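Take a look at this single chain, the form predicted alone, given in structure tokens.
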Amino acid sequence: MKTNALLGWLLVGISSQVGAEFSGNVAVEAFLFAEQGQFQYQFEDNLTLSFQPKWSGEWNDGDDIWSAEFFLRADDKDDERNHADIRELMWLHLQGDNEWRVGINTMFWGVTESQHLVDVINQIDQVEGIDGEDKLGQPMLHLKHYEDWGVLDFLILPGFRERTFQAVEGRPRTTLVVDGDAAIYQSSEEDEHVDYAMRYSHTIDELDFGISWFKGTNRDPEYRISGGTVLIPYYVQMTQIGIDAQLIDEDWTWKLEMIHRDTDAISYEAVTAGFEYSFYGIYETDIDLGTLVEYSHDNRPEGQRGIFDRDLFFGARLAFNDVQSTELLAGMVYDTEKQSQSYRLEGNRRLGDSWKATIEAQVFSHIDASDILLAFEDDDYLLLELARFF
């Protein structure tokens, strides 16, 4: 926390001297749960405050760019959500057909909506949400090279970020509390292991695709039980080959992500595929409606699969195309084997020039006794957030 604050004040000083741009937001967030938690000490509501400042500047006629983004959250009940992170602290150098990035960055690979199989560079900031959309900054040396026949990305990733986990009073959380501070590693270098990744991407007419390779510490931990009451994260070494593709055919968008992953214990494949069909100007209004369907399959044995193992995702995306940039996304995940169901609603709307309101709701229904989601069955919640941008 002190390091982040020091860096923040340093960048304020720099920005005042070199004319850098400053932006960001401060937000208040309220969690409201429909039922009492099924585990002792869990709260029924909580209130948090977050601060996300950003700085950026350039020199050398725009060929050199620096940027910094920090994230801080204070939570009134969950101690593990009292945290700070450097999302970005990076120098970008443009040189002909090359882009060099050095520092801490957050990046994304993938095209599907329900899960992101090929997205392996950054660690998930899990205390920020169970959807895996929030990520911790990753130290990296990144070269992006452009050619007529495609784009090549080469990454060296020194240092590993451990996943964040909810405290004993946090919601939603696993049945056994995860002790993130006791994490163990397959590699003797532990969190100092250097990882490597490459990706080739290209666009041919309406088809965008990427082929990626990663070798290093698996961002998804396995878990070992300690003392019968605590889960210890165990980070193994892995090699992954991934393919992502998106094809736009008039009102249809076809999406695919698939991986082959190797560890010492297992080799397996997983795939998520589906489509989005868009209706433009429904009922002669400015509103666009996108309908989404995706299926996920994981061929690991029962008990070793992820959450999306034999699951169907149905969704609808509304873009109101109004001055307030109002958007709404509703989705349902249905487990075709266990019949477990989860429902999710996300919406946001600008209020004036500087404010933004966000709503999020999650409902778990008919959760099977053998489902990994069983620990969440009483954690239906409503999240309300109001953010001030500057």
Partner chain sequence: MPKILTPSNQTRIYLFCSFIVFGLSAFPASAQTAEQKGLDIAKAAQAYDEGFGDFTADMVMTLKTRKGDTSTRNIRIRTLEVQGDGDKSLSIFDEPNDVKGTAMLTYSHGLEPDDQWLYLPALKKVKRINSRNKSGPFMGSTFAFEDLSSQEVEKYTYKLIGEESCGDWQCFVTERVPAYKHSGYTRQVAWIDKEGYRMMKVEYYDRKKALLKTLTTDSFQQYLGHYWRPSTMDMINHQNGKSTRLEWKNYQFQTGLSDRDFRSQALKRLK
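Residue numbers count along the first chain shown, from 1. This structure is a prediction, so every number in the text was calculated from the model and none was measured.
What comes next is about the form predicted in complex with its partner chain, which does not appear here.
Listed residues T239, T174, S201, Q186 were compared with its partner chain in the model of the complex; S201 is the one with a heavy atom within 4.5 Å. The partner is not drawn, yet in the model of the complex one stretch among 188-196, 78-86, 297-305, 251-259 has residues with heavy atoms inside 4.5 Å of its partner chain: 251-259. Relative to its partner chain in the model of the complex, residues E44, A182 and E337 are all farther than 4.5 Å at every heavy atom. Contact annotation: I65 falls within 4.5 Å of its partner chain in the model of the complex, judged by heavy atom distances. Taking the partner from the other structure, its partner chain in the model of the complex has no heavy atom within 4.5 Å of any heavy atom of V168. Using a 4.5 Å cutoff between non-hydrogen atoms, T106 counts as a contact of its partner chain in the model of the complex.
Taking the partner from the other structure, its partner chain in the model of the complex has no heavy atom within 4.5 Å of any heavy atom of Q36. Contacts between 68-104 and its partner chain, taken as any heavy atom within 4.5 Å in the model of the complex, involve E69, E88, L92, L94, G96, D97, E99, R101.
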